[in-house]
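Given next, in structure tokens, is a single chain: the form predicted alone.
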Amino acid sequence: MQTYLHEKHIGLKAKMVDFAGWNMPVQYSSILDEHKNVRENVGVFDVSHMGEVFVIGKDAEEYLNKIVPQDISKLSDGKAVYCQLTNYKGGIIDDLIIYKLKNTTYLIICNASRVDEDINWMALNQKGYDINLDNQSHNLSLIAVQGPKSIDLMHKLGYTADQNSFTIIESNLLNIPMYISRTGYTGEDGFELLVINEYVEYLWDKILETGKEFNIKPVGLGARDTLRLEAAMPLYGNELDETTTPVEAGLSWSIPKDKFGNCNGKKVIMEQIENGVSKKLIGLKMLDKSIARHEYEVYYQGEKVGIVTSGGVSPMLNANIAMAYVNNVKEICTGSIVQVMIRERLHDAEVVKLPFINKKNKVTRRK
């Protein structure tokens, strides 16, 4: 499959790869340059492969509270929340952002690789609720504008709103009807612009043209992955899957303890919050030049204790970093030294706090 910006990527000489069935740009110049430019200036991403599902109807709030452990009743119009779509055992089918647009209309952003699974699970849980599931994934395009200069670029484009993080507004930027959310997947301040397909090429061109004075660069999936890794943001299929609960994934902060009613997997999740879990997600900084990759084994004092979920180079730390699930024992803590098995040799790594870099994605309204 191709996004509506496919020819734009080809024109920019992007290296294209298959990702979840989509032909997507992995890089335009270099992953290092694109990564640093997002941290220091501003980058633009085509993330139109993501899924967009609208939940509409008088039971929408009650229904969403059934399928995610977050408390959707606390959302007011224009607010968003990060959450997980959980199965009956508390395992994560996908991680989502849910936006309350207005009244009984909600928007769910799904991972590209999980749209079909999400829709199927949502439909299976729909019985008894007066709602409509409207999958608009193939009719909408999504552009992310991320970095410290993203706000300056948006103002230059005519954006005049004053939004907090995790909010969404309906707007007519550049005379294009769109939803603008203050969200992203980089750890930086930024925006995501959701438009119908016919407008996205014009919007992409205007962003790149207007962004020249802010040193904008188009950014591919390669830097998107290194950016989210530095910010310790989980990736489905790496840190998250249907056998891992939000508590095990270190996402307890996203689960209100005072939520009323039942949701899928609530019993397991609440028992884990109360009694603890057998595995935990940790950060690793390699102590040599080796790189820990997905599914490499982790050892402590000669015994296998876990597995790497994501790993690579941190351009901002000039170090090789990784996240890993390990046995939840007190001996493996910040400052501990563990080993990663790489090509049949053990390489030392230090356990470090997550995230690896300070996030700058929390913004509040100007006073």
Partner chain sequence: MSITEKILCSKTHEYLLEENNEYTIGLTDYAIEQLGDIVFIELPEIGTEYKKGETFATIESVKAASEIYMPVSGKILEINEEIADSPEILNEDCYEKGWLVKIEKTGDDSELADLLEYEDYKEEIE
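Quantities reported herein were computed from a predicted structural model and do not represent experimental measurements. Residue numbers count along the first chain shown, from 1.
Below, we refer to the form predicted together with the partner chain, which is not included among the displayed structures.
A.B. asks: Using a 4.5 Å heavy atom cut-off, state whether residue 289 contacts the partner chain in the predicted complex.
C.D. replies: Within the cut-off, so yes.
A.B. asks: Given that the partner is absent here, does residue 313 sit within 4.5 Å of the partner chain in the predicted complex, heavy atoms only?
C.D. replies: Contact check for residue 313: yes, within 4.5 Å of the partner chain in the predicted complex.
A.B. asks: Residue 27 near the partner chain in the predicted complex, any heavy atom under 4.5 Å?
C.D. replies: Within the cut-off, so yes.
A.B. asks: Would residue 307 count as a contact of the partner chain in the predicted complex, using a 4.5 angstroms cut-off between non-hydrogen atoms?
C.D. replies: No - in the predicted complex, heavy atoms of residue 307 and the partner chain never come within 4.5 Å of each other.
A.B. asks: When you measure heavy atoms, are 31, 226 and 293 every one within 4.5 angstroms of the partner chain in the predicted complex?
C.D. replies: Every residue of the spot touches the partner chain in the predicted complex.
A.B. asks: Given a 4.5 Å cut-off on heavy atoms, tell me which of 327-335, 54-62, 31-39, 297-305 is the interface stretch with the partner chain in the predicted complex.
C.D. replies: It is the stretch 31-39.
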